[in-house]
Structure formats: C-alpha cells, structure tokens
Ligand code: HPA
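The data below hold one chain only, encoded as structure tokens and taken in the form predicted alone.
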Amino acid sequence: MTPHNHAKPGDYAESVLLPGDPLRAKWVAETFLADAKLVNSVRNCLGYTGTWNGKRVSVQATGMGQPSLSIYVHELINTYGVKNLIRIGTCGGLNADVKVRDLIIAQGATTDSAIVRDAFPGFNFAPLADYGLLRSSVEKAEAAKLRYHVGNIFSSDIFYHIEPGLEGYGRLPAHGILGVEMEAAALYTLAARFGVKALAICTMTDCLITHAELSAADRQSSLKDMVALALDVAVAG
C-alpha cells in the first residue's frame, strides 16, 4: 500500500492500461473486462483488475498531466511489480494527415516538461516506446484495419498556452510531431529508468490545424477501438 493506492500485493496484473480519467478506467473495466474487481479508489483515482480473453489485466487511472501519472506509474512498477504499461488517451492533432478517429501510436514523446529534463542535466533524453509493444500494436491495428499513425507525440505540461492555436507549439508540427497530449514522455522515461515496457496509444479527437473534432458519439466508438487494441497488446505480453 502507498499514500495513493490501497491495493494489496498481487492485486494488479503484470500488464496495466493507463487512462487519465478515473471514470474512463471504470468504463473500461465495466465494458471490456470479465470479473472486474475494484482494487484502488484512493482520491477516486480508480483501479480495476479483471480478465480479457481469459488473461489477467488491470486498468488504473493516472489523473491529468505528467506529475500525476508519474506518481501512479512509479508505484505500479516499484510497489506492485507491473511490467507492461499502456497509456490509452486522447490527443489533439498537429498534423493535417492525421484525421479525427485515427490512432496515434507513439514511437517517441517530445516534451517541455521539467520532470524529464531535470533528471538529465546536460543531456536531451529521448523518451521512447518499447519496440515489442510498438510492433505488436502496429500488427494488431493492421489486422483490425484501423487507421493509425506511428511517430512522435508531444507531451505538454501546458493545456492553455499563452500563444493561440498552433503558435503555442512552435516548430514542432514542422518537425513531424503528430499530436499533443500530457503524459507519454514521463511514462516512457520511468519505464526506461526501471527496466519495464511502456507504450502510449491515443485517439485523435480534435485537430488544431483543420479544427475538425469528434462528436460525443464518434468519440466513444473510437475509444472502443483503441481500448480493444490496447487490451490485445497487453495480454499478448
């Protein structure tokens, strides 16, 4: 047990899906998992364990942003022995070729966060996904005929930039950044630090270039595709 998690040893599976929103964690558990059991509710940051296709898997909310995610990921790895962590979230689009409902499978995660930078004085660390999880997700997305893109994503500590629209992201779009979210870089950094595997899969729900955005109904159906893909990757190991 920790100040943020009252789960007992063994309550979490070795593979955990990480949505930011606690209610999305609840939705994943109730919609996808068999025999789902609530294992953590401290601060209402809900965690569940159940089975997917007969294999044990967990889902744990992390809250918004890299500082919050870092607390839960650190504890999942070091207190509960989690080996595979897959972020499932939404993102804004920074590339016109990425359409709403498309999945971004984050090969790397650029960031403006001091939570990564301050750990590497004098260096620019490049947070990367685990290649095995990345390859598995691409193969399964191909088989399911999902629209997906593999590349670099931007993990920002700032949601409301002082500069309006795309101006807040400087030269990032011109350097191939596909989308913006708020957690992946810290996840990849912690996974590297502690020798475990991590991947972020995000659904693009609104585009900062075209201003297209998903309706509530389309967003929900798109999230189902993403979650099913992430679960398949998680139980494949």
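Small disclaimer: the values here were computed from a predicted structure and weren't measured. Throughout, we count residues from 1 along the sequence that is shown.
Although not depicted, the form predicted together with the named molecule is the subject of the following passage.
Triplet P19, W27 and T62 all within 4.5 Å of the named molecule in the model of the complex via a heavy atom: Verified in the model of the complex; spot residues all out of contact, no.
Answer option from L33, L172, L208, C45, heavy atom within 4.5 Å of the named molecule in the model of the complex: The residue in contact is L208.
Contact residue in the model of the complex, chosen from A191, I201, V180, L69 - any heavy atom within 4.5 Å of the named molecule: Contact with the named molecule in the model of the complex is made by V180 alone.
Distance check, N152 to the named molecule in the model of the complex, heavy atom within 4.5 Å: No, N152 stays farther than 4.5 Å from the named molecule in the model of the complex.
Touches the named molecule in the model of the complex: T90 (any heavy atom, 4.5 Å): T90 belongs to the contact set for the named molecule.
The named molecule contact in the model of the complex: Y131, any heavy atom under 4.5 Å: Y131: no, not in contact with the named molecule in the model of the complex.
Close approach of F159 to the named molecule in the model of the complex, 4.5 Å, heavy atom: Because a heavy atom of F159 falls inside 4.5 Å of the named molecule in the model of the complex, the answer is yes.
Contact segment among 53-61, 36-44, 193-201, 180-188, judged by heavy atoms lying within 4.5 Å of the named molecule in the model of the complex: Careful reading of the contacts points to 180-188.
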